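Quick heads-up: the structure tokens below are two forms of one chain, split into structure 1 and structure 2.
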Structure 1
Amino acid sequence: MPSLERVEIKKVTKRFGGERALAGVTMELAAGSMCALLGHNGAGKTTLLGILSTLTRADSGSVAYRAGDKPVTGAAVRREIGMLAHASLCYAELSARENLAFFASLYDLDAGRATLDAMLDRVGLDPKARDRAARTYSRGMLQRLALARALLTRPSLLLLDEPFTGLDRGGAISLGGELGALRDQGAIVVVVTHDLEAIAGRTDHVAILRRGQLVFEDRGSYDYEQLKDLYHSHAN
């Protein structure tokens, strides 16, 4: 099955009751890029991630997933998507290894101990905690497990909603480096975050939403101070 090479978002609109979440958002995401999706709470960022993940349906507009010139649809698209949401989506009574083994079984993936430990090594989850129930984990540990789950299928579209929550500064910078490595390997990475320091110098696509509208978009690398200036200039 081909990996996704681009995602075309055209005039996407979404309302929840009388509240407008998105208003005609149009943009394109490309393989080998990391998009920082920025904006204040309520700007529409999480809603857009939900639509990109196929878990939320837009009221109007379209999202097209493509491998070359060929459209990718249905289950083939969902297999290409990894998502880290506000909720960890991990089972509290299962251990880290058991959580990953369960998700691996849904996709007919190798769930051998060595494979699972390699993934947990990749996200930095303490080996001593891997056989404990996830309900005993700190927020940062849950974030690491949730990231391992999101990466398990080797997605070509990775969607992350505040992935640095609960991580210490070293962990956040390390995760930022991991996301940069995934981009360099050809993935499409979309990061919703308020932690501009963790993504500074790594993102090459910045999009800012305000009240459901795309008010700024540019492709380029920005350092921390530049990201702060962009955010304050366009998000308010």
Structure 2
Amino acid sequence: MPSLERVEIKKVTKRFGGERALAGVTMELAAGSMCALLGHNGAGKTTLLGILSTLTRADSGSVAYRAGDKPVTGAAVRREIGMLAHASLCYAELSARENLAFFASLYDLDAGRATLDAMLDRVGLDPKARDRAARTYSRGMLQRLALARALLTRPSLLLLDEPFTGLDRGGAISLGGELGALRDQGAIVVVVTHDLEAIAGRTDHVAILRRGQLVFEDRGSYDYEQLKDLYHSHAN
């Protein structure tokens, strides 16, 4: 399976109804980097993430996914995408094991109990809860399950939409650490968040959107104070 090495976003625009969501965004994402996508509500972050995830079609412009020098398209791109959002993307009526087994089967992956349990061990989901319906889980447990679901497919493009919402400080920091580790293994990580503390010091690429336009982009690591300053001077 070719893992994605670069994503090139070129002059992407998108309108919903008449409302402008993106007005010509151009940027590039590279393997082994973690990009923080910042901006106010309605700035176009989620729309950009939707376009990256292939579930939203850009009105104009293009997004090219590359592995080596070869372009990757369609289902092959989707196979490489891992998505983590505020919602768990798991079925509340099914248990953790059933959720993972179902998604593993759709990805044509080994859905054996040992594989699934190894993944649940990795995210630290309580073994006693694994056969209970996900509806009974706490917010933190759900987020662990969601992370397990996202990592199960060994994605090389991780898209995160407000993954820290509702987590306590400890949970947010440990999720942040997990994402950093994935970046180090060579994944492309894109995170949309308001929680600057959880990502401070971990990102090496910052992009700030304002009213559908890319107003700031820089490759470099920033600590919490620097991120806060950047955000305030560019997002408003």
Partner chain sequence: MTVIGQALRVAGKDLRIELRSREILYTMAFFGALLAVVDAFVFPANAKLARAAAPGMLWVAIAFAGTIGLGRAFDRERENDTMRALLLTPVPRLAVFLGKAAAMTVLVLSVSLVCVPLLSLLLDVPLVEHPPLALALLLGAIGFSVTGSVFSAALLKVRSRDVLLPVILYPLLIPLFVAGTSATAALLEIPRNDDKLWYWIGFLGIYDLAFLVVSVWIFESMVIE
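As the structure is a computational prediction, the values presented were derived from the model and not from experiment. Throughout, residue numbering runs from 1 along the sequence of structure 1. Basically, rigid core = biggest C-alpha set you can superpose within 1.5 Å across the two forms.
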Only one structure is the form predicted in complex with the partner chain, namely structure 2
With a threshold of 2 Å on the C-alpha, tell me if Ala87 counts as moved between structure 1 and structure 2 once the core is superposed. yes
After the core is overlaid between structure 1 and structure 2, has the C-alpha of Val77 moved by 2 angstroms or more? no
For a quick test of reading the superposition: does Asp126 move by 2 Å or more at the CA between structure 1 and structure 2, rigid core aligned? yes
When the rigid core is overlaid, by how much has the CA of Arg139 moved between structure 1 and structure 2, in Å to one decimal? 2.8
